[in-house]
Every structure is written in C-alpha cells, then in structure tokens.
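Form predicted alone, single chain, as structure tokens, below.
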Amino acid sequence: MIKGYDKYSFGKKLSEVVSPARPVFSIENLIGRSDELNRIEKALFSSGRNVFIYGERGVGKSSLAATAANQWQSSDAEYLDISCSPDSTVKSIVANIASQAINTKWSSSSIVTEQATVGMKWLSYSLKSEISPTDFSTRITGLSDAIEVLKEVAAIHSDVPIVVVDEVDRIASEKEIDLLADLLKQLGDKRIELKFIFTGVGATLNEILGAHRSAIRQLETIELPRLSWDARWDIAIQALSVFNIEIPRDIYVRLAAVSDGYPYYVHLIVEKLLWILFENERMADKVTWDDYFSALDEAIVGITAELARPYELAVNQRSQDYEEVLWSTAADEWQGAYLSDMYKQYKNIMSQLEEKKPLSYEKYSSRLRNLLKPEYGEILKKGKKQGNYHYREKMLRGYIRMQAEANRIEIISKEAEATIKNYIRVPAKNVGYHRHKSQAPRG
C-alpha cells in the first residue's frame, strides 16, 4: 500500500506523473528533452520560422511538440492541435485549424461584436453567429484561400497562437505533401503570425524539403533520438519519488535496458509498478525484484496489439523454437545486426535454458530469414549489406526485450554493457522469483 491515498486520489495523482497512453504536456514530466525544447523555443522566436520534429515511432515526438506548444502558446487560449490521417489534405488541415479557432472564440462568448470581425472574409459569419462553425474545407479552393484563412485565425485565436500538426507522415497523397511544402513557404513570405510545429517520420521530412528547397528556411528540423540511459531511469526515479518510494539502482538500470529508449515502455512499466505497490498489503517504500517482474508481466499483457501480434505470429509456429531466435535479434544495442552476431547472442540465450538445445547455424539462419515473411510477423527486413537485418518496426525491439526479461533471460549485449560501464551491471537471471517460461504472459 501507499500511505495517504485512496484508490481515486492515487489514480488521479498517478496520471499526472506517468503518461503511457497520451503525450506528455508539461515540462516537468518531459524528461531528457531539454536541449530539443531549447532549440524549438529559439526557432519560434525567428520570424517566419516553424519546426518539424521527426524520428522513429514511439520516441516521444508528440510529447515534445505538445510541451513546446504549451510553453509558446499565450495564456488566453490553448494551442491548436491537429492530427493527420491518410485522407488528410491541406484544405482539411486548414479547415480544422479554423474550426478549432472559432470554437475557442465562440465558446468564450455567445455574442461576438461586429468589431471582432472587421475585415474578415472567411471567419466573420461563424464568429457573429451562435451556431457551430462552418465546414471551411468546402469553401477553400486553393493555397491563397488557405493562407487568408490562417491569417484570420492568427488574428482571432490568441495573442501568441501556435498549431501542432501531428503525424504528417500519415498523409497518403504525395500531391498534398507538396502542397504542404508550398503552404510552409507562403506562411513565411506573407509574414503570418501563426507558428507551426509538425511531427512525422524522417521520410516525410525529406519529401517536404525535396518539394521546395526554399522551404528549408521556414523549418527548424529536429531529429528526436531514443531516450538516453539516464533519462530512461530518471522517469522512473522521479515518478516513484512523488510517492516517496525508492527504486534500487540495479532495478532501474534493468528497466532502462528493456525499455530500449522508448518513453512509452518506461511509462507503461512504471505505471504498472505503482499500481502493484498501491495494491500490495505491505507498506511500499522500496521497489523489490518481485515488484519489478510483476510490473513487467502486466506491462506485456497491456501492450498494444499492434506490437504484440507480430511476436505472436512468430512464436506460435509448429516448431516451437522461434521465441529464442526472436530474443537474439533484440540483444544488440544498435538498430540492425549481422546474422553471425545474432547467432552468438542466440547461443548465449540457449546456455541459460538448460532444458533446450540450440539450433544449428543453418537452422537458425532459416528461422531468422522466415521472420521476413508476413506469416511469421514480418518482424525483420534485410539491410543494405549482406547478412545484415533490421527491424521493420523498430519499436518492436523493446517489446521483444521485455518478453525475454520476463522469462529471466539476459540478452543485453557487451556493447550495451559498455554504454553503461559507469553503472552496475545487473544480470536478468537469479533475481527475485523464477517463473518457468511456459507461464510467461503473451502480449
């Protein structure tokens, strides 16, 4: 149990300190991204300059964008937040921005004076009316219209307005990506006082910059890497300290390792850990290995099906020997590994399982190549060099590491150990209770 909380007050406080299901919005909870926040702030001070945050899925792009927008947006309104979808267009994005801006103004006062709409062609009707905003996407016919709408949005929304356009990479149409690059350039040329923070994957960034090389002037590009080791465990240490709970160094190093640098995994494990401590009959003041492994089990069960399904497809094969092969692919600290190196990791894993014999190199190679196929989860893809493989979905490696850890398998490579050489090396096995792998939960 955790002293001083009932279930409701604990759950409410917990949602303030960990956030696995939604972006982080406060600078206090955005750990390990101070340099990027500083760069964004400096870029936004520059006239006509906007920000594009890119990187792997799950590294925290949305959290960084939300926190930066909260910092920049003036206190008289909330920042405008747009999420893209495959059918998003420049017109629909601008229309959504306009509708949100009008809703802000419309909800603040049921009657808007005539003076508020002087000189406004697009937004005046909805501002003067006590009805829900017009669907602007049917009225915007081109980029010039879109620019005029955004100019009016800047005038009515707030003193210092900013827009977050999240997941630009989901836009399916290359034509719309080109138009978005055009829009960026014109926003700067027309000196519109409306700032934008875009998020997406690197490929989308290249497409935008490729469409208009001059658009580079309008963008501060920030590549967001996975979290550093100290940022990973700082999330856990800070969250637990709110409830006056200590987490031993050897446990938070293991948590940092299995999370693979993805904030989602850290937040999820810590959330499960805190619930376990709250529901425990003993008074909680320090995390034990039993607590940690119980939290890991529950985190695996709670992982999104999008990440769990490829793993399930791979391990549920008739030969029943794919799980250890999968674990061996997740050992290297860098994304991408050679077949020969992964086989060495595989033999190390099999040496920890007394009841199973390792596959020969030939059979292992065959199993690993099968992981490129859809019926085996399509987990890997070939690298540019012979015998080199990468994850098709890089975030999946953290899930595979969690599965290995839950089975008390030590997979962290020598390279990873070198990365944390100034910290305690903590083995995954022979700590806490031992649960046979057949009892391991399947996400």
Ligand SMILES: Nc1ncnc2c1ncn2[C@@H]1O[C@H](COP(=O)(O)OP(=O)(O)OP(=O)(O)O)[C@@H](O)[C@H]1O
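In this text, all values refer to a predicted model and were calculated from it rather than measured experimentally. Note that residue numbering follows the sequence shown and begins at 1.
As for the form predicted in complex with the named molecule, it is not shown, yet the points below apply to it.
Enquirer: Whether residue 149 contacts the named molecule in the predicted complex should be assessed with a 4.5 Å heavy atom distance threshold; does it?
Expert: Residue 149 lies outside the contact set for the named molecule.
Enquirer: Taking the named molecule as it sits in the predicted complex, is residue 339 in contact with it (heavy atom to heavy atom, 4.5 Å or less)?
Expert: Looking in the predicted complex, residue contacts with the named molecule do not include residue 339, since no heavy atom lies within 4.5 Å.
Enquirer: Examine residue 61 and determine whether its closest non-hydrogen atom to the named molecule in the predicted complex is within 4.5 angstroms.
Expert: Although the named molecule is absent here, residue 61 would touch it in the predicted complex, with heavy atoms inside 4.5 Å.
Enquirer: Looking at the partner-bound form in the predicted complex, is residue 57 within 4.5 Å of the named molecule by any heavy atom?
Expert: Contact check for residue 57: yes, within 4.5 Å of the named molecule in the predicted complex.
Enquirer: Choose one stretch from 276 to 284, 313 to 321, 260 to 268, 82 to 90: the one whose residues place a heavy atom within 4.5 angstroms of the named molecule in the predicted complex.
Expert: Within 4.5 Å of the partner lies stretch 260 to 268.
Enquirer: Consider the chain as shown here, without its partner, and state which of 176, 291, 167, 220 has a heavy atom within 4.5 Å of the named molecule in the predicted complex.
Expert: By the 4.5 Å heavy-atom cutoff, the listed residue in contact is 167.
Enquirer: Under a 4.5 angstroms heavy atom criterion, identify the one residue in 40, 411, 396, 31 near the named molecule in the predicted complex.
Expert: Of 40, 411, 396, 31, the residue with a heavy atom within 4.5 Å of the named molecule in the predicted complex is 31.
Enquirer: Thinking of 24, 201 and 235 as the candidate spot, does the named molecule come within 4.5 Å of a heavy atom on all of them in the predicted complex?
Expert: Yes, because 24, 201 and 235 each have a heavy atom that approaches the named molecule to within 4.5 Å in the predicted complex.
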